[in-house]
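In structure tokens, one chain follows: the form predicted alone.
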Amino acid sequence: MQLEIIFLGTGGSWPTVKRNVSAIAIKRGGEILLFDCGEGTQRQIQKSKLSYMQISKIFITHYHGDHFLGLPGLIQTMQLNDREKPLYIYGPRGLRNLISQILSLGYFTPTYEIVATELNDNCSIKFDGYTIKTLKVDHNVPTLAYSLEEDERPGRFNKEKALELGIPEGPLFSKLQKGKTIEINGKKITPDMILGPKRPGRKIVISGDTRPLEKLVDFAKNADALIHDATFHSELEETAVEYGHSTAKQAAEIAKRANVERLFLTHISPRYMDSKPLEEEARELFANSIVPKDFQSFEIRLKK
């Protein structure tokens, strides 16, 4: 199944000519998960290759405007396009009240179900094929980081071993690969007799706005992608601390210690019309660091 990250908004605080505010889509097969929904996100979606009608779940990291003010317009636009499927929205404490206020704006009554779920630190929610986990991070207001972790995959199929055991090629191979026990000439053959060790699925971690946090190292351990707050260059480290953010260098330190595959630097301050210095600073510590542009997409491939 294809897994892709699409950066819809990579800036922080307010929109600029080059960057819209926070919004990250993760497309997994035919499902789209949206992480944060800053002002203008529905416009960004329309300019991308995505369909907002495929969004099944929205995860809000915190309630600063540049992370949620796109919700009212997106929710109403979904209705104008005859959405019928429920929309599930997750976020820190206070989400139910926020959604209630959004749904009372103007003359608007939703005709599809909107389910608001409040999350705490160390939550783990199982969905079909993946789990979403949370971590409370260090910002100036209650903020959650999110991790999407796919289920483990079956081990490699040992065709030679299967043939040795007298299993003919065809449907029985497929059953074993799906974890089902089969029977040949009165003898039961279990998947573990044919398959190698289970293999990990993919893992994507989104830090939300945060100062550098020791717990994030473990939370992001061995992730395929870490999307981390990098609001400032290290020249403004004191400013970053004051406002509850990280520098590009600090994000790279987390990525290196967590042994992630790729680091994506986001929530770039509007002061940086040229983000190259941020990327260069991060790459000095962690070579595979990227400051994505709005609308850039990156496929996360399965490890062999």
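These figures come from a predicted structure and were not determined experimentally. One rule holds for the numbers: they count along the sequence shown, beginning at 1.
Not on display, but discussed next: the form predicted together with another copy of the chain.
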**Request:** Please name which of the stretches 56 to 64, 254 to 262, 27 to 35, 273 to 281 has residues with heavy atoms lying within 4.5 Å of another copy of the chain in the predicted bound form.
**Result:** 56 to 64
**Prompt:** Of the options Gln101, Ser124, Thr181, Asn222, which one has a non-hydrogen atom that comes within 4.5 Å of another copy of the chain in the predicted bound form?
**Reply:** Gln101
**Request:** Would you please decide whether Val115 lies within 4.5 angstroms of another copy of the chain in the predicted bound form, comparing each non-hydrogen atom pair?
**Result:** no
**Request:** Check whether Asn81 has any heavy atom within 4.5 Å of a heavy atom of another copy of the chain in the predicted bound form, and answer yes or no.
**Result:** yes
**Request:** With heavy atoms only and a cut-off of 4.5 Å, decide whether Thr41 touches another copy of the chain in the predicted bound form.
**Result:** yes
**Message:** Against another copy of the chain in the predicted bound form, would Ser13 count as a contact residue? Criterion: heavy atoms within 4.5 Å.
**Reply:** yes
**Message:** Given a 4.5 Å distance limit between heavy atoms, list every residue of 18 to 36 close to another copy of the chain in the predicted bound form, or none if there are none.
**Reply:** Lys18, Arg19, Asn20
